[in-house]
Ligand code: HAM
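Next up: a single chain in structure tokens, the form predicted alone.
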């Protein structure tokens, strides 16, 4: 009987894996431009970290965590999100005491949630995100929103909808919770079981219910904006004004609460509908948090951050035709006969040391079949080694685009390939200006 992958997980292979690399590399490069540094917290954490950090009232803690006792009887959890682990890392390594604030980190890796697999979302999925910890300025929130928006733009996504709201300070949220409990008290008995639990633990979570009948009731609930303190209102206006000044589009959504209990003040989500009409909902989101660092044993410092679901971003980019994830080779080495295969290894090794992407055909097949393989692998050059080439220490180089071929000494192989690839880059590959001794546009130098 075959053993298949676990439900809710998926194998990321070849072209798709290159797509993941692309999204993660672009995101990491842009985060570095914003002076964020990489961190890699462990996948396994003590369960208490997420119970205290994410909140017992969140669906993540109540229903979605992969939690188990290890052989020492310790309760461990596969991380369902990164933020709590990042804060634990900061506190444990005393980074707040030894570094200038804010601390700015970015991360990428798998997270685990036991939930219904859906479009672009699995039980094991990947997140890229950032955390900026130690500064209470509203412009720290703006900076991370701008960073996220820059990533999405750089990936080619246009017409991203940024939904934004404020949850206010602690006083604002306490007043709002009281108003919600009063509103729902005569209705909660007819609502779903999750809402009934949320009513007791954290009534703000009711606003995020996905049951259609309950959503109708939620529509008429009091609005958060009615209970926001004057100080929080001023903070939120500064955020919106700064986004407008930076020409970052947004729409205020006063029902947005996010799914984790540690959020306060500004929260936001990035929504996108692909060219194929697939609505992926939120491809990412984040917000400000006031008490998380203190709750996990650190000083009373705020933070702000966001995360993207990498699977969702890859799916959206694929739908919109924005991925060029096919394998491309600089050269495909084609030895004719078994004796030539050892020479093919030397040729490939020479070019790989120069930084070229090279593959070798080790099958004893006809030359025509090798050319078909070279085309399938999107090789730019085919390098042919036969009996005569072995005898004369030469290699035949064929340009797969122009079909031109030449025989060169093995010792000149690297220089010849450099020259050919420089010509390919010159003038968009037209190459007319590279004839003769001078390159008129100088790009081939």
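None of these values were measured; they are calculated from a predicted model. Positions refer to the first chain, counted from 1.
Keep in mind the form predicted in complex with this ligand is missing from the figure; the text below concerns it.
- The stretch that touches this ligand in the model of the complex, counting heavy atoms within 4.5 Å, is 301 to 309, out of 190 to 198, 348 to 356, 168 to 176, 301 to 309.
- Proximity of residue 79 to this ligand in the model of the complex falls outside the 4.5 Å heavy atom cutoff.
- Residue contact with this ligand in the model of the complex: residue 272 places no heavy atom within 4.5 Å of it.
- Though the partner is left out of this view, residue 133 does not reach within 4.5 Å of this ligand in the model of the complex, counting heavy atoms only.
- Taking non-hydrogen atoms only, residue 285 approaches this ligand to within 4.5 angstroms in the model of the complex.
- Contact with this ligand in the model of the complex, judged by any heavy atom within 4.5 Å, is made by just one of 235, 258, 88, 104: 258.
- The single contact residue among 184, 227, 125, 149, judged by any heavy atom lying within 4.5 Å of this ligand in the model of the complex, is 125.
- The candidate spot formed by 83, 113 and 263 lies fully in contact with this ligand in the model of the complex, as each residue has a heavy atom within 4.5 Å of it.
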